[in-house]
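As structure tokens, one chain now follows by itself in the form predicted alone.
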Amino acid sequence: MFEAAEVGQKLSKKAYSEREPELRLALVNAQYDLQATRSPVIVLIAGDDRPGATGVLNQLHEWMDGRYTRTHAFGPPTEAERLRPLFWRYWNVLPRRGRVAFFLGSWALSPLAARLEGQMQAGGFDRWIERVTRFERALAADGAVFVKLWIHLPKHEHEKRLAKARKKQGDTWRVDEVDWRICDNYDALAPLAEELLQRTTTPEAPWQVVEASDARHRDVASAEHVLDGLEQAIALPARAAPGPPASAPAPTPSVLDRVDLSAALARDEYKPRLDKLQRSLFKLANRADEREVRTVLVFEGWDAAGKGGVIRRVTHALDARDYRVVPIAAPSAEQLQYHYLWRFWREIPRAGKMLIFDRSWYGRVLVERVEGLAAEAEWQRAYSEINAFEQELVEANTVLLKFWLHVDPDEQLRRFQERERTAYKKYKITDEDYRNRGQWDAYVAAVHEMVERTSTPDAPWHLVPANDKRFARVQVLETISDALKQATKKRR
């Protein structure tokens, strides 16, 4: 890739002065047109020419409307970033739909620096590339357009620049110790960089190598690539309209048929077991905090299956400073401006803490599927996106537990009627709850496929019999305690 770019491209002052005004106008106009679309534009600027990459970024800022752009440059992870999954810091600052964000270096340079300095082996490099391609593919499938610019300076040009710096001639204040290291390690860096570019060039997010020997050519070529990206985003078709609500018949048999709903726990046995489990969970949560083991609990299940009661029995055992409960409802207007996983990435706590989701990202393949709120292509690709998300959590020292609380239709109806008769529970029952009962078979089909496609060795589903609330609460607490014992034991 680099050899093809090293052809000595130059742009005269006259050609530059003729191209600049029309290019600036086109960029700004495209920014305004972009705002009416569902597409964010992500401009990743990296390269072996650090001053050149910074120069490109500064020039783009001058030519574009800064009110509608954001720039993010990442150095070594901060303490908050170190204590979270690797890509948390990138998900946290994604641009909203219709906006542009510039990322300087970011996920492109991190693995190169680590590999050169011996902090990452070949296997780690392979895993990083896999993360990058999954990350970019998921965003592109949701409408994001990537413009990835590698600002490249041939080796002999690096040597000329540094020779000038040694003589203290010319504009040398932009050259620092990192640039000296790049030049000194150029022969080792170049093949690694080429490998990274080749393996992370995809139809959705190709790299563009821009020769930086001539600054005028470099800036104009980079801006033209950005303009192409903006125009591509503007031309994308509108989001596919969600289809009609799913009416798939329930599979026979389904995974839910295997749940033993007769399981029960006697009242006199329940309280002693609950107390013992809560005392144990308190100690285990403290140990997990000491050893930086994050815990993420996901609760899904039928309406009135008892999720709230289970969550209260879990949190009763914990220090309020060490956990958060996040109830998930329909996405807000702000959340709809981003990939659907964005709002969940932002909630991920630092290592050692516990996060409890009362409903979760599985809404994409449950309620959004069944109610026709997501197009089929959207919820179909969500299975692989969810698996990738959960894999990143687990690889970041997270105990991830997913519970489906299962009741039968008769028990659900009994609980609905009980809520209507109980003053402090009336707020829990709505006409929509009764309407959802009419979709029971469609939800069984959705749950069956969800479990089939997202129950993995590292993040299996736990199907909990919940006709008896006492049994469900104890089983969930036992599962959490067993998982924390195993996770903290491995890290002694």
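It should be emphasised that the depicted structure is a prediction, and the values quoted were computed from it without experimental measurement. Numbers follow the displayed sequence, beginning with 1.
From this point on, the text means the form predicted together with a further copy of the same chain, which you will not see here.
Residue 75 is the only one of 272, 75, 203, 123 with a heavy atom lying within 4.5 Å of a further copy of the same chain in the predicted complex. None of 391, 398, 412, 315 but one reaches within 4.5 angstroms of a further copy of the same chain in the predicted complex through a heavy atom, and that residue is 315.
Per the 4.5 Å heavy atom criterion, a further copy of the same chain in the predicted complex is contacted by stretch 50 to 58, the sole one of 50 to 58, 461 to 469, 444 to 452, 33 to 41. Using a 4.5 angstroms threshold between heavy atoms, residue 24 counts as touching a further copy of the same chain in the predicted complex.
Using a 4.5 angstroms threshold between heavy atoms, residue 268 stays clear of a further copy of the same chain in the predicted complex.
Interface residue remark: residue 431 is not counted as part of the site for a further copy of the same chain in the predicted complex, having no heavy atom within 4.5 Å. Interface residue remark: residue 350 is counted as part of the site for a further copy of the same chain in the predicted complex, having a heavy atom within 4.5 Å.
Residues are counted as partner-facing when one of their heavy atoms sits within 4.5 Å of a further copy of the same chain in the predicted complex; in 319 to 337 these are 319, 320, 321, 323, 327, in sequence order.
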